[in-house]
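Starting off, we have a lone chain in the form predicted alone, written out as C-alpha cells.
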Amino acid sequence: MRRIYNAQKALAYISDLKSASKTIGFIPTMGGLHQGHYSLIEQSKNANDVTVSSIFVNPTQFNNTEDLDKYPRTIEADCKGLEEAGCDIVFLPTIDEIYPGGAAQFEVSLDLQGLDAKMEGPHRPGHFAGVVQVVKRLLDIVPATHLYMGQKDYQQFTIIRHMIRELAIKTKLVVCTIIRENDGLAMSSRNRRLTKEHRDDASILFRVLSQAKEWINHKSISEIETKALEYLNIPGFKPAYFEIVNGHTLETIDHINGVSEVVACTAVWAGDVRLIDNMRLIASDNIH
C-alpha cells in the first residue's frame, strides 16, 4: 500500500491513474477505523481498478474542541487495517496540506436547503458546513470516479449527495449498508468510549428501529415516534430524537402515502457518548 502525505503529489498520482483510464474508488475517513470502514474498502475494490482512502481528522467539522481532542488517533493500526483490507493508496495529510493558508479560504458557498437544519444540525452548529468543506477539498485532491460512504450517517451522506449534484462534481456517490455488531449496534468509532454498562444496553437502538419497521404499515407516524422515544428512555440513556423522515429531503412526514423512501433516524445519549442510527422503513431500489 502506497502512503502519500503531500496534496500535490496525491493529485498528480491520481490524475495519472485516471489518464490511464483507471477507475478510482475513494473512502475518506477520520481514522479510528473498524469493520464498517473496511467494508467500504472491499466494495470499492470489487468495483474499481484502484482504491484510495484518507485519514484526516478535520477540525472544521467539530463545534466542540473537547470532541476533537477525544477523537481516536490510531494511524499505524489504521494503516495496517487498510493494507490488510487491500487498500492501494492511503492519503495522510496534515491540516496545512488540506487548508494551506487557513481553512477560511476553502469554505464552500452552497445552499444546503435546510438539510443541515434538522436532526443533528441543531446539536452541532457548523458541523455539516465543515463536512462539506473537507469532502469538497478531498475530492479536489483525490478526484475519484466513485466516493464510498456508509449509511449510518444518513444526514451526512444526504448532504454530500446534494453537494455533488449542486456543484456538478464528476464523482458518483455510492452509499453502503450499515455494518453492525452481533447485537445490532451500528459500528462506530464512538463505541469505544461507551462504558460496559452502556455498551451492554446500546442494542436498544437497533431493536427500536426494527420495531418501527414492523409498525410502519400498521401505526401512525406520530404513534411510532412516541413509542420509540419511550422505549429508548432507559436508565443511563437520554433520547435526543426519533424522527421518521422522507429519505430524499429529510423532511418529517405525517404519513407514508406517496413517499418512496421512508427512514427512521435517531440519536441517543448513552452517558456522555452520542449514538446515532437509522433504518430504511420503506425503501426504493437504491439511495445513491
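Everything numeric here is computed off the predicted structure, so don't read it as measured data. All residue numbers refer to positions in the sequence shown, first residue = 1.
Although it is not shown, the form predicted together with ligand PAF is what the next lines describe.
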In the model of the complex, does residue 78 come within 4.5 Å of ligand PAF, counting heavy atoms only? no
Does any part of residue 149 reach within 4.5 Å of ligand PAF in the model of the complex? Heavy atoms only, please. yes
If we define contact as a non-hydrogen atom of the residue within 4.5 angstroms of the partner, is residue 156 a contact of ligand PAF in the model of the complex? yes
Partner proximity in the model of the complex: residue 58 to ligand PAF, non-hydrogen atom cutoff 4.5 Å: yes
Using a 4.5 Å heavy atom cut-off, indicate which stretch of 85 to 93, 128 to 136, 104 to 112, 202 to 210 touches ligand PAF in the model of the complex. 128 to 136
Of these, 221, 259, 30, 228, which has a heavy atom no more than 4.5 Å from ligand PAF in the model of the complex? 30
Since the partner is left out here, which residues of 193 to 211 would have a heavy atom within 4.5 Å of ligand PAF in the model of the complex? none
